[in-house]
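Here's a solo chain for you in structure tokens, the form predicted alone.
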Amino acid sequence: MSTRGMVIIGGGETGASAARTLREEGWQGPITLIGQENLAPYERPPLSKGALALGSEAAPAFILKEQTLEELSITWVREARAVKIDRDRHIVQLADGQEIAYDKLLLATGASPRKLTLEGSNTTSVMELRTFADAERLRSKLEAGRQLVVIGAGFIGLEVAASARERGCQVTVLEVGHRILMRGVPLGIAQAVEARHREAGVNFQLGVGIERIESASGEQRITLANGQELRCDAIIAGIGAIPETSLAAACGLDVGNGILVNDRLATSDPTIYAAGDCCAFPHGVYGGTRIRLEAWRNAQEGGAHAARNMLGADQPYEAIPWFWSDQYEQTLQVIGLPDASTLTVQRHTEDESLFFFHLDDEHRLAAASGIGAGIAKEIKLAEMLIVKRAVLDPVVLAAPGLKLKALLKELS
């Protein structure tokens, strides 16, 4: 047995999932998990939800506790930054000079929050949310009556807005686009989400740019492009993320919008894999279109899948993309890729949930999205229809009494 073993760069959901899977699949050699934080791997979805909304002090939701890492004989290298990959020697070099040898290497480097580049924007004046430490800092600002400005009306920004309202803050959301949730969410769901936020007291300013940000005596002042001035106690930006590709690029791997991998999640070097937010992969269900996903399920399943292929499984990665968001009592979910569709069919259900079915040119189901209390089961059924590449009648899909389960039986 080799003494080099498996090395994973990235201590988030993807890295933790891969490390656990390697052991569960029978790998008995060394596993080294390299993370930049002091905390063992923890879940990130709660950071914009429960970790902010709770009245009492929040704690990380650990994926792998230190005790579990020890029980699985996974070497956890904390507070460590990988700075170089020597592909000829199969060595990862850390910032402190330590060198770690590998047989197979997984890059699970994730993505970093996109930075504001406005006059006056810096880490002191504008917060971001990626780590548990970020959440603790933001949470300390969310006292009842304080004014919070959220820049960006994507999932992170809106979840923070909902949590802040639950803590009693006054919240304004600024968005340069003409509507909220511009990426991958149909207009009807975006309108329902915006209406719930407005009902909760959130103020929206859409289609507006920002001129500059100024800070003085604990107060923040935002000057908008239209000349309006906003004063607040805290600002958080949620304007997207950029994949961490610098290590891969520096050692000569192919990169684009993410580290480029094949459908086995292998990079242009067959001994190096990449998974999670940092990689772009071709998806067989969508005609080989290369996609990059920032989603919990992709992080978890991609890490596990890469681990199995590192052990020789040689299986294509075809997990259907799935996103969800909780805001107030509302849950919304999206399964598949709405952008791959050319026709959208809307359906209301008896429990007042709202669904959209997204069909391609041949009326194959490419995606489904929904909002409401009873959507989970229907979204799961829609996923099964997507996997089957089901061709569906738009008129049938729009019927209020439609049973997706019956459609599945017809295809069996």
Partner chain sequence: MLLEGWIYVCEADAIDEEDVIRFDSGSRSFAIYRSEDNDYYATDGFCTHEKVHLAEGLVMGDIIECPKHNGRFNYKTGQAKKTPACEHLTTYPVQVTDDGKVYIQID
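Numbering follows the first chain given and starts at 1. Please read these numbers as outputs of a predicted model, since none were measured by experiment.
Beyond what is shown, the protein has a form predicted together with the partner chain; the following relates to that form.
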Partner-free chain; cross-checking the partner chain in the predicted complex, the single residue of T267, Q300, T172, N309 with a heavy atom within 4.5 Å is Q300
The one residue among L69, L381, L52, L359 placing a heavy atom within 4.5 Å of the partner chain in the predicted complex is L381
Counting only non-hydrogen atoms, the one stretch of 175 to 183, 292 to 300, 220 to 228, 204 to 212 within 4.5 angstroms of the partner chain in the predicted complex is 292 to 300
Against the partner chain in the predicted complex, would D263 count as a contact residue? Criterion: heavy atoms within 4.5 Å.
no
Using 4.5 Å between non-hydrogen atoms, is D326 touching the partner chain in the predicted complex? yes
(message) How about S121 - does it come within 4.5 Å of the partner chain in the predicted complex, if we only consider non-hydrogen atoms?
(response) no
Within 4.5 Å, heavy atoms only: does T131 come near the partner chain in the predicted complex?
no
**OP:** Please state whether all three residues R114, E194 and Q346 have a non-hydrogen atom within 4.5 angstroms of the partner chain in the predicted complex.
**Re:** no
Applying a 4.5 angstroms cut-off on non-hydrogen atoms, the residues of 307 to 344 near the partner chain in the predicted complex are W322, W324, D326, T331, Q333
